[in-house]
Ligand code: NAD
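Next comes just one chain, in structure tokens: the form predicted on its own.
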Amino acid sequence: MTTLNNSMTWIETEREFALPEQPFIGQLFIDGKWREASDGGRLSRNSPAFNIQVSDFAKATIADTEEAIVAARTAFDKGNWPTMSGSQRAAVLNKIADLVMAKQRQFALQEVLESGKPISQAMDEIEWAVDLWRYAAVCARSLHGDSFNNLGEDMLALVVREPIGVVSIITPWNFPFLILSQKLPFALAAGCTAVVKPSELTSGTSVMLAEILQQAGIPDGVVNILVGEGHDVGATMTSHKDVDMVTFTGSSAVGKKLTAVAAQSLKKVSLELGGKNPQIIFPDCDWEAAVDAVVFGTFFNGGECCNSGSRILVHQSIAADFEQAVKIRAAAVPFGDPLCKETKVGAMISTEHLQKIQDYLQVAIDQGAEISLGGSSVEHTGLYMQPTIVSKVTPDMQIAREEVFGPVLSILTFTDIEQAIEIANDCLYGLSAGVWSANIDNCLQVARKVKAGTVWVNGWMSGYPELPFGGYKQSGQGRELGRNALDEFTEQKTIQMHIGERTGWWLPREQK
């Protein structure tokens, strides 16, 4: 453990895992078979934390992607997965959950190597993901429609839900297996088939899942997993005529482009995009809990999180003292080697992303803000960024309005609840928000008036499979999780059944 010259704590203790001697080798998984890319292409990944090669994958081409889509289409149109009973699909999903949990350590290590996140967090994420697979299994058994017996004595109507078809699943690099598990098990529970493209930066756990899918009894072609780049693989998955739906998690900019492409064939699109999430801190807050939640909300996953509480709005009467308390707590956050158990903030995902974070900080300084903690990258084996606090931020500044996606907290102030709500809503995003107050009226006003898909009251970033997740405005469209999770992957069909003799609309005069 090392203390840097600004009193921040760099972790470098005994590791939970040893670094692998060889990189993970992966192939494409198409129609139940492992294979190389059609052109023999490969895609490698160097660890952002250790600067060693940790993955080497077959790199899918457009032709490979088209083959995967055909496999998924055939499995849906001619296979038995869509017509299985809910209990049969649930049994498979629960078996997948068991098999993933049995390999928790292998999955977590691969995520650390490719993403740079701390090992303790990666272990937790695999466990959370397993819970999603189990919840999806419950949903598979409880999926149902509706009936109408009140339309008259000659009519009975049913509204049934059917799987939408072939789903393209495109996932990001910040929570590779967790976000895949927010999508794929629910698509499978509904009876859909899928083509999956993880981020080319963090593909390992998605590829590892394919072997488990086979062991659990997923039929050939039902799930196809490709490693490749967005401009060819992702674009094909979005535009192909045999794809019925696209579900995407990533940046709002890419989400807009994806929607425009999908609109050409009017595919259904589900998007979980960016956030610039406020926590509103009132003077009567639970001080210790609020300080801890702000530090956690900002620096969890190195701030590379759509739910990051990257801006706090503090009542001006307590702003100076609250900022100082947050600064002291943040300076003590252990960051560094992500394979050390104590580490809370690991490496940033890439050189380009680290530079983007630093560019945001420079613009903030140029616009009149001040760096009160951190603000620099750390020269080490990998791509590390100090936990950073930016003070004297005003609502018009870029850093108060745009998603930095790094370990950076912006501190703003407000004078009354109306101004706090106005500042919170003055943003392109609406993913999540939080409010800290012992006054229930303050909490309810904020919860009802802030435009966000999730509002935490005296807490931050807790989550449950039972609760829907998604955002307002440019944070996306549609909802994941919750009792309606399967609805995103289904179509509604109305069946009207006439009972008894039907009266003719028109008959020739002589027949009347």
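What you see is a predicted model, and the numbers here were worked out from it, not measured in a lab. Position 1 is the first residue in the sequence shown; the rest follow in order.
Omitted from view is the form predicted in complex with the named molecule, to which the following refers.
**Student:** Do K257 and the named molecule share at least one heavy atom pair within 4.5 Å in the predicted complex?
**Tutor:** Contact check for K257: yes, within 4.5 Å of the named molecule in the predicted complex.
**Student:** Is Y360 close to the named molecule in the predicted complex, meaning a heavy atom pair under 4.5 Å apart or at it?
**Tutor:** Taking the distances in the predicted complex, the answer for Y360 is no, it never comes within 4.5 Å of the named molecule.
**Student:** Closest heavy atom of W81 to the named molecule in the predicted complex, within 4.5 Å or not?
**Tutor:** W81: no contact with the named molecule in the predicted complex.
**Student:** How about G406 - does it come within 4.5 Å of the named molecule in the predicted complex, if we only consider non-hydrogen atoms?
**Tutor:** Because no heavy atom of G406 falls inside 4.5 Å of the named molecule in the predicted complex, the answer is no.
**Student:** Hey, of 361 to 369, 231 to 239, 391 to 399, 109 to 117, which bit sits against the named molecule in the predicted complex at 4.5 Å between non-hydrogen atoms?
**Tutor:** Going by heavy atoms within 4.5 Å, the stretch is 231 to 239.
**Student:** Considering D244, E323, E200, E125, which brings a non-hydrogen atom within 4.5 Å of the named molecule in the predicted complex?
**Tutor:** In short, E200.
**Student:** Could you tell me which one of L273, I312, V295, V435 places a heavy atom within 4.5 Å of the named molecule in the predicted complex?
**Tutor:** Answer to the contact question: L273.
**Student:** Could you run down 159 to 182 and flag each residue that has a heavy atom within 4.5 Å of the named molecule in the predicted complex?
**Tutor:** Result: I170, T171, P172, W173, N174, I179.
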